[in-house]
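The chain below stands alone and is given as structure tokens, in the form predicted on its own.
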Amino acid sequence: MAILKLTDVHISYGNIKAVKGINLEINKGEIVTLIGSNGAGKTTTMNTITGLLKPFKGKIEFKGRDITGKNTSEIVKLGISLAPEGRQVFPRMTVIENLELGGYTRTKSQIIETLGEVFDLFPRLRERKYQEAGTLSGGEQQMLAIGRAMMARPELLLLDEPSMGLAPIIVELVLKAIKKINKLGTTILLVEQNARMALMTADRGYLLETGKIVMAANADILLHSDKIIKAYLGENKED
């Protein structure tokens, strides 16, 4: 059974239809990626899964339970967390304060235990735990955003553009962390404009264009698709 299932989900901003009837499934233990250009509806989809936006039509199920329209705090308690686009850390709060906020649904002892796990995953955060988040590098802030989402101990982690604006060496560190999180048992939905990175990381992928899913397949198939190569990888298939 799918851990997450979207059925004919439509999302609008006023009269603008941002997502036009998408169907998407993620099975437990998978990394699934949602790729597409700016404005395709990727972030809108993520925000709707987490309750930040409400669909005007369709159904969202988590572990077989209808979560359509539930508020964000309820959804986090059920086991879904989001590391948002742009990191959105609290700049004047310390690293540890940011992380503790991510565990707001959990007990103090659970927070302490999970802090250790996050610091093991991202040693740089341990080194800078009393430093204000706004003084961290972009890569460190991305680690913090992912770590904060992990503080809720989610079964499903949503990652929105984790490589955005990062140097290649930092992207590699973040990518390794994502794979490690998955190996430890967390299912992941990854939104990325870096299609190559996303498809090399994921088990399966969906291509979203102007609010509609136009392709869905195993990641390796998408990685070698003419359409993906020409539109998103910037190279010719024969190269």
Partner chain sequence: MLFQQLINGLTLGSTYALTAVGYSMVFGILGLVNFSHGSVYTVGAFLTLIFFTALKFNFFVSFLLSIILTGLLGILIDRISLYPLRKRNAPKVTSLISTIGVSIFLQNLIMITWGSETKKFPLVINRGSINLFGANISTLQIMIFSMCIVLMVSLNIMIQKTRVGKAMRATAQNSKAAMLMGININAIIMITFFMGSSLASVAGTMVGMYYQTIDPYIGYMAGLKAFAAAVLGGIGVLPGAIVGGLSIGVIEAIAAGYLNAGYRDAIAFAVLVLMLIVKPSGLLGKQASKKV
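Computed from a prediction, not measured in an experiment: that's the story for all the values here. Numbering follows the first chain given and starts at 1.
The form predicted together with the partner chain is left out here; the points below concern that form.
Enquirer: Is there a heavy atom of residue 136 lying 4.5 Å or less from a heavy atom of the partner chain in the predicted bound form?
Expert: Close contact is absent here: in the predicted bound form, residue 136 is far from the partner chain, nothing within 4.5 Å, heavy atoms only.
Enquirer: According to a 4.5 angstroms non-hydrogen atom cut-off, is residue 162 in contact with the partner chain in the predicted bound form?
Expert: No, no contact at 4.5 Å.
Enquirer: Can you tell me whether residue 97 touches the partner chain? I mean in the predicted bound form, with a 4.5 angstroms heavy atom cut-off.
Expert: Yes, residue 97 is a contact residue.
Enquirer: Could you tell me if residue 156 has a non-hydrogen atom within 4.5 Å of the partner chain in the predicted bound form?
Expert: Taking the distances in the predicted bound form, the answer for residue 156 is no, it never comes within 4.5 Å of the partner chain.
Enquirer: The chain here is shown without the partner chain. Which stretch in 169-177, 203-211, 47-55, 29-37 comes within 4.5 angstroms of it in the predicted bound form, by heavy atom distance?
Expert: Careful reading of the contacts points to 47-55.
Enquirer: Which residues within 132-157 place at least one heavy atom within 4.5 Å of the partner chain in the predicted bound form?
Expert: Residue within 4.5 Å: 148, and no other.
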